[in-house]
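Only one chain is given next, in structure tokens, and it is the form predicted on its own.
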Amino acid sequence: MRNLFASCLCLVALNAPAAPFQDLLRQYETQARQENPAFSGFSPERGKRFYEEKRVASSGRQSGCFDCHSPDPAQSGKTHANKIIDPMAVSANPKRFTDLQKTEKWFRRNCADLIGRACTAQEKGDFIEFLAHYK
């Protein structure tokens, strides 16, 4: 009986759905391969550099993701209008990166403001990899 129960648990674990952010990563991986045939995977290290990098924003001032989102992605951030932003790290905010339309909306806005162009699928995937594994 114990073996049967253990076998059932293993089957349930094997059939458990993937984390929602992984669905987004698969979509970005497909796009990244189309954008760059030499694509070799996402990198949390590149995502971290992207998150931490200061750039001259469209406003003309130096800015980075962490200026609004907090240097610690597991903490809440604040907009320039003092509106609270939920944590970026998936460990602190499991709802983060679960909705493609919402994720795309914010990438579109923030990439345009911070880097003056649309982010590539590689940049998006790296960014999500970093935040999905941030503790």
Partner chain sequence: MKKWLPYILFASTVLSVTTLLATSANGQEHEGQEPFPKVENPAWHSECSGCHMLYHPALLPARSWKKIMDGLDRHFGENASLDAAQREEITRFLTSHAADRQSNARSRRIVQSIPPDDTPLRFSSTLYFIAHHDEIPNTLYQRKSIGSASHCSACHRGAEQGEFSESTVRIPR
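Positions refer to the first chain, counted from 1. Source: prediction; values computed, not measured.
We do not show the form predicted in complex with the partner chain, though everything after this point is about it.
Using a 4.5 Å cut-off to the partner chain in the predicted bound form, each of Ala81, Lys105 and Asp113 places a heavy atom inside that distance.
Though the partner is left out of this view, Ser59 does reach within 4.5 Å of the partner chain in the predicted bound form, counting heavy atoms only. Although the partner is absent here, Arg109 is a contact residue: one of its heavy atoms lies within 4.5 angstroms of the partner chain in the predicted bound form. Heavy atoms within 4.5 Å of the partner chain in the predicted bound form are found in one stretch of 71-79, 22-30, 90-98, 48-56, which is 71-79.
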